[in-house]
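Let's start with one chain on its own, the form predicted on its own, as structure tokens.
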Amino acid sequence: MTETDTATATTTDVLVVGSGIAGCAAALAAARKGADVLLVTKATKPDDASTDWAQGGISTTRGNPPSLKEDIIEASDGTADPDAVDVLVEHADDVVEDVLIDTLGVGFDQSDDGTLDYTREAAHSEYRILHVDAATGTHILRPFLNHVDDHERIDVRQDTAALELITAEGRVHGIVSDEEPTGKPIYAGATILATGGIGALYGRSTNPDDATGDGIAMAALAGADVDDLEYIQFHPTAYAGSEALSASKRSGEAAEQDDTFLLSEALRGEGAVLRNADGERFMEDVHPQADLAPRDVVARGVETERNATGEVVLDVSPLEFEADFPALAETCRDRGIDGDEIPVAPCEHFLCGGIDVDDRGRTSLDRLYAVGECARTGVHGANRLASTSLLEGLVWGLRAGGDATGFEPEVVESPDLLNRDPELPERFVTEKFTRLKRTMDDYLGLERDPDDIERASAVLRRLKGEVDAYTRTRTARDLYELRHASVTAVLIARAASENTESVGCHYVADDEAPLA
């Protein structure tokens, strides 16, 4: 530990780590209560945050909270925490109106009569989702970032990564950032982690490349409780890419993420259908809701048909695709997809578990909060209902930010990070990440086998040990991202090994549970 010069230390009332919808909401809520807020983010542009990649929309209750609650719990395979779901649905419409409509002026799509246009997605029983084309996250996050950046009580530091939490006697006092070669301590009365998901742990993901599980790893290493990490949602309709890419993926080689883009669930909500290589619809034989079944069910159905027939396509011919989804149509045309049938395959999409928090985002460590995808609120249980992630981030971000005020920052000794050894070989981090991704793809993907989970655990523990040996004497960001990814991967493997029951996103291949 190093002694800190209190005269030069950076201090703030509330520190937010992450700049997606949850982080921005937390910063806004704290500032509204008169706190000085510092928001640090690895991002240097909006599309470095997962929120910017969100397509379908944001769910409301449309005046019927019990109906949304029922759909959330059913989609979770009965595992969602009813009390947490109550918090979500009871605040949903108010926060959407307050922040997104009144404060940010998000221009949600409207019907011909000038009223808000609500769409429907998988496992929703009603049309209740607000959207902007199929790029809702972009149209929410960018004005939100501008609003936060202009706020007199919020200071935003881009291109700033959190390396470790500063702790003393069970209390979190801030972070060590990478702003200096041996780390720069930032002290806060309360710290809110909003670091996003884990997509970078997989070869193909709908997440940004820097979704390396930072918050989860830092919190777990500091002693915070984590839960439900085995529940990793794979979206059923990501662009499958070329056949060469698909073959590479199946052979265990790390696939490139650049070719991956999401085909929004709103397409199926408006009538698009899934077909196998023989042109047959198949989901009607899998689940009563067919193409609009819960995501975990559809994803396994798609993968089964891909293995059996060689390909699955999303047929958009029932839609006015170009007119109703112009951004997605343009993306398809840019990829050379000119017809109505778009090859799709399941792809890592969302972590339903994370740092365990209560109804205000409080973790098991004093003055540490977590919100957004890195947090486990209990809302999603074993499988997330479509278009609830932005809503959860907004609701919990506001609640955490409001609760995190009123604490005085305290300057304590910070972790002694060293940066004395030569830089690592050029491809060290890349090669280790390739091994990590291959392990996660092969053994902790859409379906898991108990023996494979144990193999993954052994490989990932060895990998973590190798990475730890280097982080003891080096503070490079990419090395710490690898460290966070390896810690999170080990935790995921451990959670998967401890849960022998097929439920929601965690499908144990030799279990007796049916596909649906």
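Residue positions are given as counts along the sequence shown, with the first one as 1. All of these numbers come straight from a predicted model, not from anything done at the bench.
The next section is about a form of this same protein that is not shown, the form predicted together with a small molecule.
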Next item on the list: Would you confirm whether the three residues 121, 349 and 387 all fall within 4.5 Å of the small molecule in the predicted bound form, going by non-hydrogen atoms?
Entry: yes
Check: Which residue, 220, 262, 329, 342, has a heavy atom that falls within 4.5 Å of the small molecule in the predicted bound form?
Finding: 262
Next item on the list: Check each of 295, 131, 376, 367 and return the one that places a heavy atom within 4.5 angstroms of the small molecule in the predicted bound form.
Entry: 295
Margin query: Against the small molecule in the predicted bound form, would residue 235 count as a contact residue? Criterion: heavy atoms within 4.5 Å.
Written below: yes
Next item on the list: Examine residue 60 and determine whether its closest non-hydrogen atom to the small molecule in the predicted bound form is within 4.5 angstroms.
Entry: no
Next item on the list: Determine whether any heavy atom of residue 55 comes within 4.5 Å of a heavy atom of the small molecule in the predicted bound form, and answer yes or no.
Entry: yes
Margin query: Quick check for you: of 262-270, 76-84, 154-162, 415-423, which stretch puts a non-hydrogen atom within 4.5 Å of the small molecule in the predicted bound form?
Written below: 262-270
